[in-house]
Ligand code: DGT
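Shown next as structure tokens: one chain only, the form predicted on its own.
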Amino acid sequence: MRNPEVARIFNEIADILEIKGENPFRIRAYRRAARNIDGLTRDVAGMQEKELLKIPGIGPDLAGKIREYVTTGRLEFYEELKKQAPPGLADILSVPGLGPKTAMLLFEKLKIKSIDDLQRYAEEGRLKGLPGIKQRTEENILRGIAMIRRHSGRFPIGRVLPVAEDIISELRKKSPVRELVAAGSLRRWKDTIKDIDILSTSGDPQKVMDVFVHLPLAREVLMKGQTKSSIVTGEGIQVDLRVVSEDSFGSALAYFTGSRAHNIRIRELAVKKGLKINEYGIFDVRTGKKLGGRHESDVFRILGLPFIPPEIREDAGEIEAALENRLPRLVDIEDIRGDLHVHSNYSDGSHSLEELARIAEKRGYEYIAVTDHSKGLGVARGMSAEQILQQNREIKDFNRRSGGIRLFSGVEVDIRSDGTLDYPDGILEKLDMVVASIHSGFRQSRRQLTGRLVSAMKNPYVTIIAHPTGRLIGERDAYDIDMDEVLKTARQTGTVMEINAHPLRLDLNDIYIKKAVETGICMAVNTDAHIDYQFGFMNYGVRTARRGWLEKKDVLNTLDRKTLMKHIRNKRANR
């Protein structure tokens, strides 16, 4: 996958252009293109120009630059531009919240050209006093550096999963594998991944290893053995491949899937039963007899447990629930009947209403909610009140003509800094549903940010709170809110909390999802799709929901459309 490389280069181009004071529209174009490329599930290296032009924000000029880079390995415009930027600037600009102009100021005034320098100056309080830099700025810089350190060596699952899928696909095509599956934190669908673990069986392990270490994406071979090899990809992701015997595959899969804490609990249960469990199988300690291990289910069956889904093997109560036969029946992708957060070309989406309907129909959906941005988000071509009413009329007309899928009229309305919404109730009441979200003021105080969400939820027309903590994995931490207060208000008002399925968001995360379920809050799993391929993000959202122990009954968009609309009307009736 060349997407992360291209996205990084486009972001760095935008940074340098901003330092030079270039046209802000040109700068935004590069940033938008970078964001959309980074979220692609297809490799831009394999896309033709006409396919690249379908990506939001990609015109002929940027499509040409993408082709130049993936074809030659360099982009001449970028190389020339880098010569105009101070050394070390790219490292400093990786700190969240530190803009190009501030980075340039720090370089010019204090000769700061590394993150270590920046951290030292901020800790010593030597930044404040420069134009625009106060004590709070220093605190934000240190928080940003801490986030970088915390995520160092970890990658968002949205960047790792396509790599793993490519490797598995290549191994299936080119080597004599039988069983072949990704294990580890990737199989548990954690939001960030340190490395990729792949397990296989084969009658010719040596051949499998030969193919593996010579894969085109292998930048470095760390080790090559008869049954285990390790490579590092061009993105810096370590991949470990193990070939195990067929009669041990199941126990190895269980062993290399569970978290360390989960595996310890499994082994403790085994000891109490006079058993030993490891990656080679399940053994009777007294006789040494192997009792199972060919199938993963053997591990749980022999321990007297029901099968524990991979996503919840974290020692977060799943062992106790299994022992008491109260494991949840986790929601599945087949349970999803529609998507309640989708954008059209009325704002920053790529498709017309008719096109969105066809895309959703192909996925087997009964309905989608068209929720374009409100006027406050100018960068996303937010709609005026007149435009949203026009769209509403078009949606009603479509529904009268359509004998199949139903379009719900909606909006993603901005929650302003004072907690008010971008549109008055007179507009919102005309829509089927309202998705409310925060897109600015992320650094407000905990009280202010919490107050904005609480105020929005108390509006009877607000159906869903979208991407509730505002995080972008590896780029921006969740903003500081009182989640207990937010969830309490959601419960009191009947407001639905979103699990945003975009792989760089996955917001709410699994911890908050579980807390929401325990609070009795209804959730919605939405893609926030702006182009057709992003509808495929639903699987990321459903897997995150499963990590949070969600069942079908907990998810709004598993309901048929009549029951769903009744749920929405109930909140409005209680105004």
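A residue's number is simply how far along the shown sequence it sits, counting from 1. Here the structure is a predicted model, which is why all the values come from computation and not from measurement.
Separately, the form predicted in complex with this ligand exists; it is not shown, and the next lines address it.
Remark: of stretches 268-276, 286-294, 192-200, 474-482, the one touching this ligand in the model of the complex is 192-200 (heavy atom within 4.5 Å). Of the listed positions (L389, I264, A90, L130), a single one reaches within 4.5 angstroms of this ligand by any non-hydrogen atom in the model of the complex, namely I264. Screening R260, R136, R329, K83 for any heavy atom within 4.5 Å of this ligand in the model of the complex leaves a single hit, R260.
Not displayed here, this ligand is approached by F256 to within 4.5 Å at the level of heavy atoms in the model of the complex. Among residues of the shown chain, S230 is not one whose heavy atoms approach this ligand to within 4.5 Å in the model of the complex. Residue contact check for G184: one or more of its heavy atoms lie within 4.5 Å of this ligand in the model of the complex. Contact annotation for H341: none of its heavy atoms lies within 4.5 Å of this ligand in the model of the complex. Residues of 233-248 are not found to place any heavy atom within 4.5 Å of this ligand in the model of the complex.
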